[in-house]
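So this first bit is one chain, no partners, the form predicted alone, shown in structure tokens.
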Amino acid sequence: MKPDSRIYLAGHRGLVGGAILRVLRARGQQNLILRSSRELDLRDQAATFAFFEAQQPEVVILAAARVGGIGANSNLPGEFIYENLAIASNVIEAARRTGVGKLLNLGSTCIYPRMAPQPIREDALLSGPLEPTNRPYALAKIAAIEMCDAYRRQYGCDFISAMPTNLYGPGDNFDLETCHVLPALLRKFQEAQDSGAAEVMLWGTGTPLREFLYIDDLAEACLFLLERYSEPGPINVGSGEEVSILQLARMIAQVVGFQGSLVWDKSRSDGTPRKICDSQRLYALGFKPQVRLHDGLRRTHAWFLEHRSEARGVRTGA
């Protein structure tokens, strides 16, 4: 991308978009097009099309989404599938209509089957049943990938799709009703530490295995792909590090300084038993993440302590 490329970053106030914005600015990108969800509702097709016609972006990064953890996905399935389908279809079609040169569609590794062979390769897509707790969200993200691929075949659009693993870092959502597992654990342990609690109650059994990617590593990967990648289908973006939820909880407790007991509510769903993605295609292109999990946890904890009041609010990525 040239320094004066007109870049529309959809979702710049969310976790992913905020990190990408920091990297773009650090690289000296001068012509950034930004709108909050209050300024532009991407669920509104007419408003989205009018915006693209007026702004004529050359590059689009689609990081806007309705996101949340197991609880939010289970309680609000209709909202998750409608809002994510609407945002993706409106932005991708508007990009096609206005001749956008490059579009990066961001999804999630929850698109893959619940029992996909591990580590999960990109060709596992649509090879089996999805995880029930986030199926509506996953289906919306799969539809966005298919839309990008269909437009590539029919119209020659250079639209690509990146699938990051579980993300965390500064700017995350720490609202316990809607957030993902890592920020939920960090907040719970910090509040237990502050109150002098003797124990922390956690969901599930602690046995599921997960992979976590620091948000700045994803931002760097996104710009790397925009500059060096042009293929149909998803490409995985992961850290290659795998930990159990129990191990993660112990790491976070250590970072926070909590020395009490961990109590597991086994009546709560664990979700997918194991999920680590195979990111060898990305690594073969020359990109590797730089931030190890323990270092990323320390940075995220420091940010949370500085931004507690805003961190507890809901971040939808829009």
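Because the structure is a prediction, the values reported are computed rather than measured. The numbering used is simple: start at 1 and walk along the sequence shown.
What comes next is about the form predicted together with ligand GDP, which is not displayed.
- Contact check for residue 102: no non-hydrogen atom falls within 4.5 Å of ligand GDP in the predicted complex.
- Shown alone here, residue 275 lies within 4.5 Å of ligand GDP in the predicted complex, counting heavy atoms only.
- Among heavy atoms of residue 208, some come within 4.5 Å of ligand GDP in the predicted complex.
- Within 4.5 Å of any heavy atom of ligand GDP in the predicted complex lies no heavy atom of residue 219.
- Stretch 175-183 is the contacting one of 225-233, 175-183, 147-155, 77-85, since its residues have non-hydrogen atoms within 4.5 Å of ligand GDP in the predicted complex.
- For a residue to qualify, one of its non-hydrogen atoms must sit within 4.5 Å of ligand GDP in the predicted complex; all three of 188, 245 and 269 qualify.
- Checking 215, 140, 160, 202 against ligand GDP in the predicted complex, a heavy atom within 4.5 Å turns up for just one residue: 202.
- Taking ligand GDP as positioned in the predicted complex, the only residue of 139-169 that brings a heavy atom within 4.5 Å of it is 166.
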